[in-house]
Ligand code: NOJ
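In the block that follows, a single chain appears as structure tokens, in the form predicted on its own.
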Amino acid sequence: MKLLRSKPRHPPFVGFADFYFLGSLNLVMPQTAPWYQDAIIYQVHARTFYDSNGDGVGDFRGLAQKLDYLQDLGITAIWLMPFFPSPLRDDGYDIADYRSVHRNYGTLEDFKSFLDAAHQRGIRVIIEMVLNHTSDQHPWFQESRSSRDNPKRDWYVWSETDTRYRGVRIIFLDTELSNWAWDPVSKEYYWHRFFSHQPDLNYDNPAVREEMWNVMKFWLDMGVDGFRLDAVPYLVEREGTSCENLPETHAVLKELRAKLDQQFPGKMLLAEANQWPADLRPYFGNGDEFHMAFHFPLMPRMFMGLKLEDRKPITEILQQTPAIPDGCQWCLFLRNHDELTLEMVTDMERDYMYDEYARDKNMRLNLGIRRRLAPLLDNDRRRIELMNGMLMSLPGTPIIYYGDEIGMGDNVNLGDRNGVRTPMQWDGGWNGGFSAADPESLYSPLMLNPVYGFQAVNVHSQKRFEHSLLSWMKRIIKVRKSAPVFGSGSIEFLYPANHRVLAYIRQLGNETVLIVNNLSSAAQAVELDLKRYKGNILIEMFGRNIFPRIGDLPYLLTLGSYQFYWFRLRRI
């Protein structure tokens, strides 16, 4: 079973059947991995983080002032949610101008100052690029709708009827009845895969493809390090298809990648493609499409495995994950700005996840759960640590959603996905240290309840003691960064008789790491077949304590509830 690299410089992922053949491999350390393979990414919206001018909205000057905090946390890259001029009907994913900054967040000069300050600290910046659609307020759409003879008419997808592309699924089931919307100005229907105020661009038009590259070039020239490309499976439409993952869509993406490689080598493209693993694989192409893609199907199964206290959902989905080209990487996350998506699970699995994690129907949205990490896990520190331990040790680049490093909560009463986009909680003072504005002027209400409110959960208080969640997150990030095996190594699952234990070996060159996770709420014992490593000692990576040497017998470990170990194997 090969899961990571189709042309590896180092040992590929192997399955249980290959367990006995690895011992004869002559392991050689590969060349330095691309920066994104070893990155720790922090996702944040400029408006949520820190308000520098007291208007109730976070901004780039405020974000720049908090870069020291992010550097101290240990992250190496920031992923920014959309910050462009927008009506903000979809939190900025409805873009009205691709070449500027929303006035609430500052100016282009403020963004450039932030970018320079991040780079001075060794932090790269990845920005959002929404390729699929614009706001209906974008000048392009206003021109397109103004006349059927307008030069930009063909920049969007128009139809005299709403019967084309029948059978194409509706993504926002809770709000949209059709993928077509009637435009009273031009007296025709326009195509949209998301909200009706977000018309889809027409990528069959070469002028659209060229203009979107020019937009990307504008930000690349400014110095951004990569793009998270939003909603990429839906760029092109064809009759009789699902209008997803089409060859024509991949051709558009390969064209963008070729221009990127030629003009801006070293920059990165990250795909948001919420698809099954087999459908995700083509987005890497032959190493000539995306550098990275989110592993959407893995995330819900991590939560499922934890609730079932069984490793099977996790090992099964990774067994189904195909090889990807050398130089490419999966991107892993526990939570983000959207709902915990349940599109890539079976109907039975979705019902189970709803029953276990979202019994209150207010917590559900579209085909997902709109909750933050800590509330999903009942604010159980042991489970929060275990999930982050798996995030940091499974194959891929981890993403931390802002505020999850301190255990922030959510407010499902805010509607849509705004409940997981509340202001960052810096201290227990005025507005949680986020803004000097009057509380009613804030872009979003702060968390006020006694469990997750800013008086109880904030950066200042957690900085004061070494056993806080924030201090623990700094520590695990530091340990992960000390071992390149986590970013680029192979994985081999072990299958002990105790199904409540998830164990795997990560290997890169001569470095071997053993990970053992107890998915159970009760203490567990496990015997691991490690005889291939006979004579090695186990060095626990957090305390650097030495565990007994591996011998001929199965290696016995005991783990407390939700406990996990990271061990380096050394022959001494």
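Since we're looking at a predicted model, the values are computed, not measured. The numbering used is simple: start at 1 and walk along the sequence shown.
The protein also exists as the form predicted in complex with 1-deoxynojirimycin (NOJ); that form is not presented, and the subsequent description refers to it.
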| query | finding |
| --- | --- |
| D72: touches 1-deoxynojirimycin (NOJ) in the predicted complex, heavy atom cutoff 4.5 angstroms | no |
| 4.5 Å heavy atom contact, D338 and 1-deoxynojirimycin (NOJ) in the predicted complex | yes |
| is_contact(F194, 1-deoxynojirimycin (NOJ)) in the predicted complex, heavy atom dist at most 4.5 Å | yes |
| 1-deoxynojirimycin (NOJ) contact in the predicted complex: F172, any heavy atom under 4.5 Å | yes |
| Candidate stretches 415 to 423, 300 to 308, 249 to 257, 439 to 447, one within 4.5 Å of 1-deoxynojirimycin (NOJ) in the predicted complex by heavy atom | 415 to 423 |
| Residues Y93, R228 and E272 all lining 1-deoxynojirimycin (NOJ) in the predicted complex, heavy atom within 4.5 Å | yes |
| Position in contact with 1-deoxynojirimycin (NOJ) when the complex is considered in the predicted complex, options N179, S393, S435, Q198, heavy atoms within 4.5 Å | Q198 |
